[in-house]
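Laid out below as structure tokens are two forms of one and the same protein chain, each shown alone and named structure 1 and structure 2.
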Structure 1
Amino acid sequence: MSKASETAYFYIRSHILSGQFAPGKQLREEELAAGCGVSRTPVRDALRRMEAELYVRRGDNQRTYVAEWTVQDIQDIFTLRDMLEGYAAARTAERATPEVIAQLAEYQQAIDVALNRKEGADVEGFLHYNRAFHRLLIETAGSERLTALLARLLQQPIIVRTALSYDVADLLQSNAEHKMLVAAITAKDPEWARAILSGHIRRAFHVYEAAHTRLNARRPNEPPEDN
């Protein structure tokens, strides 16, 4: 996508991710257009794209609202990730070339370095190489369009935020799992790879769950935001 369209997309997306556009809020095209200094046309483009990515939803009235996530939705997201990424990992184990394996190991070691710095863990670095690791894993699965699309759909606000719930112990555990995953792929054992990935994601779910519970305990009766 070219300039204005991208501008609109990232403007809206960042406002949703940051919570400035709260779940359920109606998104008016003109308002958004004015907000990021483009016309309605690229805004409409961005909204269509975000609809496909489940960031927003469209009512029966043709109006657009920020997506609202139920607990069930979140569980489903993790379950689907489990299935889909597990499948991708298994296929990668069957197909990975020495070059890919070396690259995965490299990312894993880069995470190692980021986590064990003298001046404390480099979370940004972790996130960067973590993304690279998972992306390569999925790409190597070789069912590019489907797996990539599904992965993109699962790149939801809730998932993005979950990474921020990780403490250092979680990050280290995550890295240990990556190391095992590289071993499974090197051994070309698809079921081993699937099992590790499955555990990896299920653990992420429980980290999210714990953080969510803490959050709710802290503010049990928060009134709904004003939209």
Structure 2
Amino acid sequence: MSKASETAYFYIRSHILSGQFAPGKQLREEELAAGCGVSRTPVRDALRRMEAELYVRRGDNQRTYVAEWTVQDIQDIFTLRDMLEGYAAARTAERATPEVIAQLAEYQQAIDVALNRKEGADVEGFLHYNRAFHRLLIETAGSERLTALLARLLQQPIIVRTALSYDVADLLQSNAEHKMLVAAITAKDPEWARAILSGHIRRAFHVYEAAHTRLNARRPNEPPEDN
């Protein structure tokens, strides 16, 4: 993929993940090209990549729209994540060195600091260290195939938006689960680690499902844009 196509890809992706391009919005090539400062050809390349990654969909009219997600879509993604990342947690409990355990604990403590600031929770800090925590957990499992599968799954908009649906109490509970997961890995207990990670993901599913339902209840029933 060319540099211009990469520019277009990250521009469109960031706007989808932030909610600036809402589900169902039509994406016009000329507007996207103007927005990210490239020609229409790299925008077209970026949209093809994003269609393969399920960020966008192409309608029968050949126009491109931001993908909308049903509750079943959401459940499927979280179920797959439960299966794959739960397996990764079990492998990590068997393989983690003292250095890895110390790094996981450091990330968990950094999240704790970010969430307990006097001036209010630092959600960006939570997102940064949460990504680092889960990335190290997966890498330590020691399976290139598992890492590749989870990397693609965790890039889905549903996963990225989940934390944005959390309130501070949800974020604190999430980090409490991280602490328990570190304890399970320290104890080298794969089934305990798998169970904690599974509960962590199932709770995230229900938080996102509730937020998705509330959003759809507020959104007016308008037909897709046609021009």
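So that the term is clear: the rigid core is the largest set of C-alpha atoms that superpose within 1.5 Å between two forms. Computed from a prediction, not measured in an experiment: that's the story for all the values here. All residue numbers here refer to structure 1's sequence, counted from 1.
A.B. asks: Which of the two shown corresponds to the form predicted alone?
C.D. replies: Between the two, the form predicted alone is shown as structure 2, not structure 1.
A.B. asks: Looking at the change between structure 1 and structure 2, work out which of 125, 75, 176, 58 is at the hinge joining the two rigid parts.
C.D. replies: Only one option sits at the hinge, namely 75.
A.B. asks: Treating the chain as two rigid parts, how far in degrees does the smaller one rotate relative to the larger between structure 1 and structure 2?
C.D. replies: Treating the chain as two rigid parts, the smaller one turns 26 degrees between structure 1 and structure 2.
A.B. asks: What's the distance in angstrom the Cα of residue 40 travels between structure 1 and structure 2, core superposed?
C.D. replies: Looking at the C-alpha of residue 40 between structure 1 and structure 2, the offset is 7.4 Å.
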